[in-house]
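We begin with a single chain expressed as structure tokens, specifically the form predicted alone.
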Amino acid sequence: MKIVVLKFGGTSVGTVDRIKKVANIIIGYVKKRYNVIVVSSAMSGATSDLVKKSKKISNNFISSEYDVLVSSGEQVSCALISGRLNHLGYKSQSYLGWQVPILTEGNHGSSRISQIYKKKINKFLLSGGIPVITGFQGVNQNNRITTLGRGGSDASAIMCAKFFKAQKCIIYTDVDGVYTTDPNTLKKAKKIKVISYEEMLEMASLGAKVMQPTSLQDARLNRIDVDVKSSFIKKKGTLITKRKNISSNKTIAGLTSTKNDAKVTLIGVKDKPGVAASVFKPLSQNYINIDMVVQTSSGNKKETDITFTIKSEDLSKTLKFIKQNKKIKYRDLIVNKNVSKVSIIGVGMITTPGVTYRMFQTLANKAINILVISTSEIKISVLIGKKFVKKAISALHKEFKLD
């Protein structure tokens, strides 16, 4: 069978009129002789509304029931899509995760798909049917409904493409592809035609909101090509694929920036083995994600300063845990909430010397001071003052010929 998996995000199925448009997109692939598997998110706002209801019921809503609750949004959208397809004369049926079944492992709220049973869906496809499968959910070994966390519907689509050996996996959303940077920040941002898994993974983890990092990791590990398109306009999207499929002379693929970072600096910490572990252990135990870290030693080699960044919403908790921590002593604690991280990403920097210098010199030319630096094989991130983000993005976009 020539199978295509089509995934529709919350905005794509946000209203009845949009669901009618989605049905027409699906029919377009049927007319091209594809066997279509549809995966849908809940209608935009539906899941958030269910989360609000759970909080009104309890501050500590039991996780297994939380998954039952928040997964119900997908049931509505899938039934509406299937209903519309049947109305137009196409055989269709909605399937909840447990009906397929889609088996998952891990905790409620953050499970991962381990197995998808194909028999029912294949039989329905062979009969000419269009299965519409709920994204974001599955069932565990205890026969309880589970959810896959943020971006879960993308993960559902990618794993369906893997298990059903689909020729294509297409993610329909409210944007027409991946851009060199956020078009809302820079009007000169350009759509990227093809990008590697690694570059897209870095961009997503650094703030690009097209897809969630966990879903991209699933695509990369299983070598599933993903096409990102808009459900609102007919335009070519962005193909996310492996490096060897890409022929490009671009050193840098794109730029990202963040809006909700905070910088914390501990001054005068005793310089001895295990001090950094003592600082970060309680933060780790309380699920506070540490991003950029810099440790500098003083001239007398007896003290060190430790600087790190976190999300702004975690700042009050972080400060509380540091002040309660009896295992560390420091002379001062400095906090800066007016910071943002700007990153350049590209596999081309692996073989291109001078990228670091060009980035730093470009920022210097604009009188932008760098507070913290973090690097990987295909990424350079710098922490700068929040007010300089637009100026930095514009200058770097031009420097690396992305305009």
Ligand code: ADP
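In case it trips you up, residue 1 is the first one in the sequence shown, and so on. Take the two forms, find the largest set of C-alpha atoms that superpose within 1.5 Å, and that set is the rigid core. In this text the structure is predicted, and so the values were computed from the model without any measurement.
The protein also exists as the form predicted together with the named molecule; that form is not presented, and the subsequent description refers to it.
- This chain appears without its partner; in the model of the complex, the one residue of G128, P183, G274, G106 with a heavy atom within 4.5 Å of the named molecule is P183.
- The single contact residue among L216, A208, L266, I145, judged by any heavy atom lying within 4.5 Å of the named molecule in the model of the complex, is A208.
- The stretch from 325-333, 173-181, 84-92, 116-124 that comes within 4.5 Å of the named molecule in the model of the complex, counting heavy atoms only, is 173-181.
- Although the partner is absent from this view, T11 contacts the named molecule in the model of the complex, with a non-hydrogen atom inside 4.5 angstroms.
- The named molecule is not drawn, but in the model of the complex it has no heavy atom within 4.5 Å of C78.
- At the 4.5 Å threshold, heavy atoms of I102 stay clear of the named molecule in the model of the complex, well away from it.
- Proximity of V226 to the named molecule in the model of the complex falls outside the 4.5 Å heavy atom cutoff.
- Once both forms are fitted on their core, the CA shift for M211 between the shown form and the other one remains under 2 Å.
- Core-superposed comparison between the shown form and the other one: the CA of N143 stays below a 2 Å shift.
- With the core held fixed between the shown form and the other one, V22 has its Cα displaced by under 2 Å.
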